[in-house]
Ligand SMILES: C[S@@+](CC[C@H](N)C(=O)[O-])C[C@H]1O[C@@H](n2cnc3c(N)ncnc32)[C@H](O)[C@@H]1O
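A single chain comes next, written as structure tokens; it is the form predicted alone.
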């Protein structure tokens, strides 16, 4: 065969094999997703997240009881009331977040509250080195950099490596020197860390923080049962689910593939050793979210717990 014809034949064969392989893989994925959607739609209450997740219709009394269970499991729990007036002033002072960042009216106040609580907890001030974990497309780091902080945004979706103030990396392996940052926080992100990434991130935060540095995780999702909610429209590897946790289908409007909610006992069981890497750890229990709902009617507020650690 003529060399050019032979080359063309090889290219056609290679492309055909690649296309066939891609089609087969896509067919397997589609078949898996279709089966999951059917299963989720036919599932009884015991397989649905709404049976386990109390954040959609929260009760202060329910979360107060959980705080007692946390104490019974050996967790240091501190109660806190959000200063509604101060938070309101803070929100008005961050118009870039209020007007542009959070477009969903139902959760806008909750997201702002998470940043407010993290800022208070980590005591952010000008000149500090800080990492916002799982920052995605948020404006929080830009806001902090404008206030004089050496704030860095970390996310898996960014190009890998350190690029200015953006870091593309797994939260378990952050390419920065040990003891190089003053504060780390994760807002509405920690629950999405699959498999052992929750423990891995805690260990990595302990490595990165300077002596006296602070870590804040908000919200810390604690429920009466240890469960993981997954969307039938996504695929999660079976090995990513916690042993002993109920795996349930999301039956809300979100397609997040993985959301871990600890029971008080599971929290201690999974994170106890990693928490021992810090000199101080505590769960903060917010006891007056109802006051914020009265101030901003129609808002979904569920930051009942946050985790604070000090190196």
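Positions refer to the first chain, counted from 1. Not measured: the values here are computed from a predicted model.
Below, we turn to the form predicted in complex with the ligand, even though it does not appear here.
- Only one listed stretch (118 to 126, 220 to 228, 76 to 84, 137 to 145) carries heavy atoms within 4.5 Å of the ligand in the model of the complex, and that stretch is 137 to 145.
- With the partner omitted here, the residue from 188, 176, 91, 199 that has a non-hydrogen atom within 4.5 angstroms of the ligand in the model of the complex is 188.
- Only one of 166, 111, 71, 203 lies close to the ligand in the model of the complex, with a heavy atom inside 4.5 Å, and it is 111.
- When the ligand is considered in the model of the complex, residue 106 lies well away from it, no heavy atom lying within 4.5 Å.
- Within 4.5 Å of some heavy atom of the ligand in the model of the complex lies at least one heavy atom of residue 156.
- Though the partner is left out of this view, residue 65 does not reach within 4.5 Å of the ligand in the model of the complex, counting heavy atoms only.
- For the chain shown alone, residue 192 is a contact residue for the ligand in the model of the complex, at least one non-hydrogen atom being within 4.5 angstroms.
- Contacts of stretch 243 to 262 with the ligand in the model of the complex, defined by any heavy atom lying within 4.5 Å, are made by 256 alone.
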